[in-house]
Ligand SMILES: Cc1cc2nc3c(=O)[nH]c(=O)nc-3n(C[C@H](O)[C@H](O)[C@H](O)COP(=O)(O)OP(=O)(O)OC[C@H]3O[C@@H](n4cnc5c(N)ncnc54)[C@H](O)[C@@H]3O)c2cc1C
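Okay, here we've got a single chain as structure tokens, the form predicted on its own, with questions on binding and movement later.
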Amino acid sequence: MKISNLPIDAPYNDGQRAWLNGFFSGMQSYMSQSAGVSSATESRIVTILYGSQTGSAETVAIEAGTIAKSYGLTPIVKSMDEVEASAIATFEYLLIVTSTYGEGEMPDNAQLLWDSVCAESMPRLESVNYSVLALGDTSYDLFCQAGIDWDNKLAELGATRIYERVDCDVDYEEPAQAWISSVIPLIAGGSGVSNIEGEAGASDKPEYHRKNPFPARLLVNRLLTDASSSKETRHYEISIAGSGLSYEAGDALCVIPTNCPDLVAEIIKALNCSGNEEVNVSGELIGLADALQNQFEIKTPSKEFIEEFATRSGNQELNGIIAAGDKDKLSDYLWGRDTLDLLLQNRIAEFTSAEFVNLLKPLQHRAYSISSSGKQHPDTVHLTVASVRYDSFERNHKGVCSTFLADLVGAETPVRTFFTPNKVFRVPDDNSLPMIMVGPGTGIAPFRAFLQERDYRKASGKNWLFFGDRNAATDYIYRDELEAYQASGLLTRLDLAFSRDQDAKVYVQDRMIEQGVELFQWLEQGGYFFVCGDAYRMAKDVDQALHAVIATHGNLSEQQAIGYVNKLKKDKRYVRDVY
């Protein structure tokens, strides 16, 4: 994600500073201590670079910049794709705030800088003082790997670590704040007192956020796929009327679900509990049933629970896999299993209510790409969500949030929500530029919003959508809308790929290759290339197809095609919203 405000100015303007220095010329040291500004820190620049996939790292980086400013420092906060690697050698103080994406990967906006930093041409960094804050999720094997990699690489290049790296789990706010509160005064040299109360930036935090969600109302819950489809995809319209909230096409709506009451009841039964037992949740005693329904992730087993379950159950297969550290075998073993499956699988492993909840992770929000334009629909937010349902180990399994929306939310049920902006995944400011959108399945969501946005703007730019799914007869969602956009001329091109409608499977990347001549022409005309959907297969296949199209129709070598794509990324013309 990208921001464009910085550097942030010092707390006093030149006239105020001159007056203070003149009036209190004999008390300069005292005034520096009480006002939080000293000559030593006024000119001290701290560069804060963030690698962010969903916006959390950007939020923390901006907060760090605000605190740095309150200490009299001059912070420069930038997305990693706004900085050249060679410039890092000129930084005296560098703070890295980065999330980890996928299986230990760099966020999209950090990858190019990381590749450059790892190149042999990267200069030494002996004059750089740095610290790293890593955001991650302990449910992934390579927890905070991107932050770990940055920390190790900077040290390898000779930079001085002035404060130990802090690795944050999904509840990152407190450790992140502790890191900021420690490293910023350290950079300020111990001189100066924070004057954060007087900073305008301190009040910029949105009213509604993860810790204080807005209680929205569900207005529409409509099945999009045919009843005979192998999938269940639904369209939701959620009211934010009266909230004062607004959003842009490309943003995400985060939903905080509650767990399925049936699953809660089955877990309580498996624990041989009544549900009335009191458990400690953040220092407060609440009933077990309430805690399991509203406070904890009870479907996906945590690493801590898996390891403790293996020990208590004596399961030789599971213990052998854990002892060997074989992540692939562990993933295969857990495939289709949830926490209840493990409890039911071996009754020898007994847990008290307190022991059980201490092994659980907090219940987290789910982020969904918004499928409406805030310009056309200022009072509602549209979502396009695939309901997760499957049978495994002689039980029906359901996705936590997707079936919360589908099955549990009624007209009077509050949907706790907040927005996550995506400042890069945006319709081009220049309405005349072409857009190419690749979004199979529910990946169509933000592109429905993009088309509404272009329609609202009366944009003249061409629009091209690659869409597909399994079968046209059952899975062609929003068909009427897309065909209406085609008829009106708003949707210039629509290329479809329904994989199971013919013997040989056809995917969106195949359609890209087929239409490579025109696709490259659109890119040469300044076109933007957007991708939304599955990160692990589709997005990688689409990326390979894009490179192939550019190499073939641009008459470029493989290395030149890589350079072309990297330039698209740097210019924010190749942007992904993948998960």
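Everything numeric here is computed off the predicted structure, so don't read it as measured data. Just count from 1 along the sequence shown to find any residue number.
There is another form of this protein, the form predicted together with the ligand, and it is not shown here; the text below is about that form.
- Heavy atoms within 4.5 Å of the ligand in the predicted complex are found in one stretch of 386-394, 212-220, 312-320, 114-122, which is 386-394.
- Using a 4.5 angstroms threshold between heavy atoms, residue 356 stays clear of the ligand in the predicted complex.
- Using a 4.5 Å cutoff between non-hydrogen atoms, residue 574 does not count as a contact of the ligand in the predicted complex.
- Of the heavy atoms in residue 399, some are within 4.5 Å of the ligand in the predicted complex.
- By the criterion of a heavy atom within 4.5 Å, residue 336 is counted among the residues contacting the ligand in the predicted complex.
- Out of the listed residues 342, 88, 183, 367, 367 is the one that sits within 4.5 Å of the ligand in the predicted complex by at least one heavy atom.
- Residue 299 is the only one of 269, 299, 423, 457 with a heavy atom lying within 4.5 Å of the ligand in the predicted complex.
- Along 413-442, a single residue, 442, places a heavy atom within 4.5 Å of the ligand in the predicted complex.
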